[in-house]
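One chain follows as structure tokens, the form predicted alone.
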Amino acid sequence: MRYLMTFSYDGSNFYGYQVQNNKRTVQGEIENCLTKINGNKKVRIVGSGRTDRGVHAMGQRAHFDFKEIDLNKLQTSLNKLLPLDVYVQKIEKVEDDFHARFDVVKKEYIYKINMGEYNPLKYKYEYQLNKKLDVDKMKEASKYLIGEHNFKAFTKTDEEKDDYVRIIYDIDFEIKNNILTIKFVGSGFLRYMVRNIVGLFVEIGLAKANSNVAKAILDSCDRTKGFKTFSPSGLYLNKVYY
């Protein structure tokens, strides 16, 4: 039987989501716990996508195949076995042909920036810019990125893919207690895409670039035309929609 799991994690002490040899990963921790519950018969999980080292998740999702079991008991057992920086929120039965990656309709990421005084308790969870940003200028720049575009200029320079086209449905900016939260909703995101866009927005917000440079970088399809890749610490995979 196939099940869909929704879970959250603090990415600070992981080498990313995806399993790596001799590295602590989110996928590895969950698979090890499921395997123990399954009498040491290996269980694989298939995530909606990977997150990089230091990136957090509030609503990551993955499917796995398992015997018929009481899902409340399975969730409870998993959370007892898992380390404190991973938590399973929900497990539900799905159709046998469901795929956690290929059936994704859209994803939502958020990025948090502290524009106020440096906070040593939050440096792993909010990027400590500690400077005011012109958010209106950042909003102007974001309009160039809404819609269906080739986002090659916003992924890794050595990321060779057949398709760099993605759809961004919405980019939203919210400020509360000097914390700027930028929300991205899209069909999917390339590696480092959100962090590279945030790097662009911050340059504009600091008046180091004009808002229309967003269009020039996008049209260039050239990562070297862009700005710095921002830290993973402020980035969260917030929701995955099916």
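From a predicted model like this one, the values you see are computed outputs, not experimental measurements. Note that residue numbering begins at 1 and tracks the sequence as displayed.
Although not depicted, the form predicted in complex with another copy of the chain is the subject of the following passage.
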Residues I175, D222 and F227 are flagged as a possible site; in the model of the complex, is every one of them within 4.5 Å of another copy of the chain by some non-hydrogen atom?
no
Looking at M58, A216, L206, I69, which has any heavy atom no more than 4.5 Å from another copy of the chain in the model of the complex?
M58
Tell me, which of E92, D96, D163, E117 has a heavy atom within 4.5 angstroms of another copy of the chain in the model of the complex?
E117
Assert contact_stretch over 50-58, 208-216, 29-37, 194-202 against another copy of the chain in the model of the complex, heavy atom within 4.5 Å, equals 50-58
I'd like to know whether V105 contacts another copy of the chain in the model of the complex, with contact meaning heavy atoms within 4.5 angstroms.
no
Just to confirm, Y87 within 4.5 Å of another copy of the chain in the model of the complex by heavy atoms?
yes
Does another copy of the chain come within 4.5 Å of any heavy atom of Y123 in the model of the complex?
yes
Hey, in the model of the complex, is Y17 touching another copy of the chain, heavy atoms inside 4.5 Å?
no
